[in-house]
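The form predicted on its own is given below as one chain in structure tokens.
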Amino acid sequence: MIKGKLRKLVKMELKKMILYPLIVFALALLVLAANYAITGSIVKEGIELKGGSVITLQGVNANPDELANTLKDKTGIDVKVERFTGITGETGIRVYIPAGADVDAVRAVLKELFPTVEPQTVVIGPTFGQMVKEQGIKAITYAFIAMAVVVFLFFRVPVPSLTVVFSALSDMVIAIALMDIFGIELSQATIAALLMLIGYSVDSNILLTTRLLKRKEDTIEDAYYSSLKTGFTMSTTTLGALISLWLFSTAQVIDDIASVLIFGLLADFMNTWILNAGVLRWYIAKKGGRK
């Protein structure tokens, strides 16, 4: 059954292979533009990037949504609450308070609700958050430039090289658009996940491009089908591991990393094995290469 589906991809029209992923990319850009128009940012930033305070309550077991509503009712402050489990098994909750809000008022309510637990407060200044954000943007930018240079030096052909770079860009744009849709904030952890996506995207695209351009003993369809089977195995095994991580993790940061990587891997399967494959097949045909 799966082989039949993969065979259908091999027989797909080149125009559709290129057009459909580009439509998805355009829709993702629309999501980012809409989010920017509404919030002033293409993706919601976490407290690590925009500054604020985090109050940790060790050993407290409370419903995060109910506690957030209670704190908002009593203080008027819109906070985010999450439950956590440490690597040694300790549990508790964290309350994220936006910069400029009255932290003492939140602490007072928490002490009233949990009188036996001493709240631990960490303040993240807006300047530090801005610095973290700038460093994250620089890391992603430099990673893209380094990746583009290496890919171009490896293949020395503009069209395949640019397609590899575009696929990685599209993976990231689609992942960020899905972060907007599912309410996942940009944080140090999700920036790291986006950086990991670049590496995964380059791996899969180089595998496909190498097999289609370098292996001239096979027909283009046979080379594509062979690489598609390998790519499908790679993607499904990785997705299985990430879905397991997301299902069984009790830490929000792990959930966020797993979610971003799942979004990116789904986008990568489309961009690598459909878009990039379509462009490469068109490129080889135009150059009068093998059938």
Partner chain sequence: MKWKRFFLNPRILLLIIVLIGSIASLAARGLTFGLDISGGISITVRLEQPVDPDTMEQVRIALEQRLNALGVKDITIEPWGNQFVLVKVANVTEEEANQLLETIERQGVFYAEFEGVVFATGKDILSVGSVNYDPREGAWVVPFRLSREAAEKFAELAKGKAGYPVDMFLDPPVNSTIVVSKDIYNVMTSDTFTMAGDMTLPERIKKAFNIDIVVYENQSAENIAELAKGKRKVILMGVDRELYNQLKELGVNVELRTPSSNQDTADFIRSVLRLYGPYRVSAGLATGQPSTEVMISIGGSQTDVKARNDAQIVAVVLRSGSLPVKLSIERIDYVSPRLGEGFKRQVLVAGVAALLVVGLIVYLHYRRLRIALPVMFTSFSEVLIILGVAALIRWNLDLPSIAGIIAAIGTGVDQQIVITDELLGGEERKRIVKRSGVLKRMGRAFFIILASATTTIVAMSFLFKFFVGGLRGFAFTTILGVLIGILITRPAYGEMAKVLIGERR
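Positions refer to the first chain, counted from 1. In this text, the rigid core denotes the largest set of C-alpha atoms whose superposition between the two forms falls within 1.5 Å. Here the structure is a predicted model, which means the values were calculated and not measured.
Although it is not shown, the form predicted in complex with its partner chain is what the next lines describe.
K.L.:
Quick check: do 111, 135 and 238 each get a heavy atom within 4.5 Å of its partner chain in the predicted complex?
P.N.:
Yes, the whole candidate spot contacts its partner chain.
K.L.:
Is residue 128 close enough to its partner chain in the predicted complex to count, meaning some heavy atom within 4.5 Å?
P.N.:
Yes, residue 128 is a contact residue.
K.L.:
Spell out, yes or no, whether the shortest heavy atom distance between residue 142 and its partner chain in the predicted complex is within 4.5 Å.
P.N.:
Output for residue 142 is yes: heavy atoms within 4.5 Å of its partner chain.
K.L.:
Given that the partner is absent here, does residue 256 sit within 4.5 Å of its partner chain in the predicted complex, heavy atoms only?
P.N.:
Result no; residue 256 lies far from its partner chain in the predicted complex.
K.L.:
Though only this chain appears here, would residue 248 touch its partner chain in the predicted complex if you measure heavy atom gaps against 4.5 Å?
P.N.:
Residue-level check for residue 248: yes, a contact with its partner chain.
K.L.:
For the chain shown here without its partner, which stretch in 23-31, 61-69, 36-44, 240-248 has non-hydrogen atoms within 4.5 angstroms of its partner chain in the predicted complex?
P.N.:
Residues of 240-248 come within 4.5 Å of the partner.
K.L.:
Just give me the single entry in 73, 102, 90, 78 that has a non-hydrogen atom within 4.5 angstroms of its partner chain in the predicted complex.
P.N.:
For this set of options, the contacting one is 90.
K.L.:
Identify, from the list 173, 162, 220, 192, the residue with a heavy atom within 4.5 Å of its partner chain in the predicted complex.
P.N.:
So the residue touching its partner chain in the predicted complex, by this definition, is 192.
K.L.:
Go through 25-54 residue by residue and record those having a heavy atom within 4.5 Å of its partner chain in the predicted complex; state none if no residue qualifies.
P.N.:
Heavy-atom contacts within 4.5 Å come from 48 alone.
K.L.:
Determine whether the C-alpha of residue 183 shifts by 2 Å or more between the shown form and the other one once the rigid core is superposed.
P.N.:
False for residue 183: its C-alpha shift is below 2 Å.
K.L.:
Rigid core fitted, then: does residue 140 show a CA shift of 2 angstroms or greater between the shown form and the other one?
P.N.:
After core superposition, the C-alpha of residue 140 moves less than 2 Å between the shown form and the other one.
K.L.:
At a 2 Å cut-off on C-alpha positions, does residue 54 qualify as shifted between the shown form and the other one after fitting the rigid core?
P.N.:
Passes the 2 Å threshold, so yes.
K.L.:
Thinking of the 3 angstroms or more shift, are the C-alphas of residue 57 and residue 182 brought closer or pushed farther apart in the predicted complex than in this view?
P.N.:
Result: closer.
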